[in-house]
Ligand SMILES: Nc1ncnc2c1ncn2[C@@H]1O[C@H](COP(=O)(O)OP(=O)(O)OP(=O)(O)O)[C@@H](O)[C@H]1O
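One chain is shown next in structure tokens, namely the form predicted alone.
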Amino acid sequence: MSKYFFLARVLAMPILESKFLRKEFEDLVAVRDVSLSLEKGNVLALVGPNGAGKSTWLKMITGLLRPTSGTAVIDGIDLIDDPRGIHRKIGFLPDFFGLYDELTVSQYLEYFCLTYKIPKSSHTEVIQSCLKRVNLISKINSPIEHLSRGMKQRLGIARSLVQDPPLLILDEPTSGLDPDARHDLHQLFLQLSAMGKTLIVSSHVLTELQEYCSHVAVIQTGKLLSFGTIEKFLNQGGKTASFDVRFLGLVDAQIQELQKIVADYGTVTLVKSEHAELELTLNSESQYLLLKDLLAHGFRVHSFALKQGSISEAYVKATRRGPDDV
């Protein structure tokens, strides 16, 4: 095996692999053999109802709770073999986290530099770097008690970045924030992803997840009902999909001919001749054949785009369908 092939395999290794993780509390099975993997830069939205097992799964992969069976591998370190080693690879912000209001922002992060045994000579650089990442550098000397709720959330994320971990786990990070503060956090998540950080964000606010997540995992009664890219999740059910087709110079006389052509591929749901728009449902594997057919018949296609549903609609479909149908 060449060194280049070995290097390529290392670079392609997932940051997180959850391998049949299971947690039982006497007669209660809180998490049922959850398996999934995430690569560098992914942003996973973890969704499900209260009591679904989300927090239990998060506590297991962070090494805070020992699984009944199964394991997780974080950046090459096995949870069972080296649980303390896992802690160096993860930045964890729980849904309820403590801040010391009597400290300044700088003093608070200094404390965590000491906790993580970062060399004293690097503290100033680390603190400034973390605050710049979360856009709080102007508050470096401010008392924590004077920060807004949104700023406190960002400070919590800065704390999780102190040891520069590859994986960040954020449990309900936008809870209680106003719209502006939520938007700021969404932008931060995208920036961290662009830097190569992998994020897991547990949230009940489904409408927001579509703005920043790349992957979605749905957990219900401890089972992983659905997992995949956001595009796959929004196109639940797989083979059929809705498309929005727009034309240039489409006239009423062409509508009948157009309907005959698309009838061979799927179902026309709406035609608006005044806007030269067509909405249809067809087998997603046939979209390229349809486009070719439309062009061959002289239709001037302006755009041919997949119509994605809302993440809330996809969530309802996933939870009603159940794990055996995914």
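Here the structure is a predicted model, which means the values were calculated and not measured. From 1 onward, residues are counted along the sequence shown.
There is another form of the same protein, the form predicted together with the named molecule; it is not shown, and what comes next is about it.
- Stretch-level contact analysis of 66-74, 24-32, 257-265, 287-295 against the named molecule in the predicted complex, using heavy atoms and a 4.5 Å limit, identifies 24-32.
- Although the partner is absent from this view, G41 stays clear of the named molecule in the predicted complex, with no non-hydrogen atom inside 4.5 angstroms.
- Though the partner is left out of this view, S55 does reach within 4.5 Å of the named molecule in the predicted complex, counting heavy atoms only.
- In the predicted complex, no heavy atom of R88 sits within 4.5 Å of the named molecule.
- Looking at E172, you'd find a heavy atom of it within 4.5 angstroms of the named molecule in the predicted complex.
- When the named molecule is considered in the predicted complex, only one residue from K132, H204, H123, R246 comes within 4.5 Å through any heavy atom, namely H204.
- Although the named molecule is not shown here, in the predicted complex the stretch 100-139 places no heavy atom of any residue within 4.5 Å of it.
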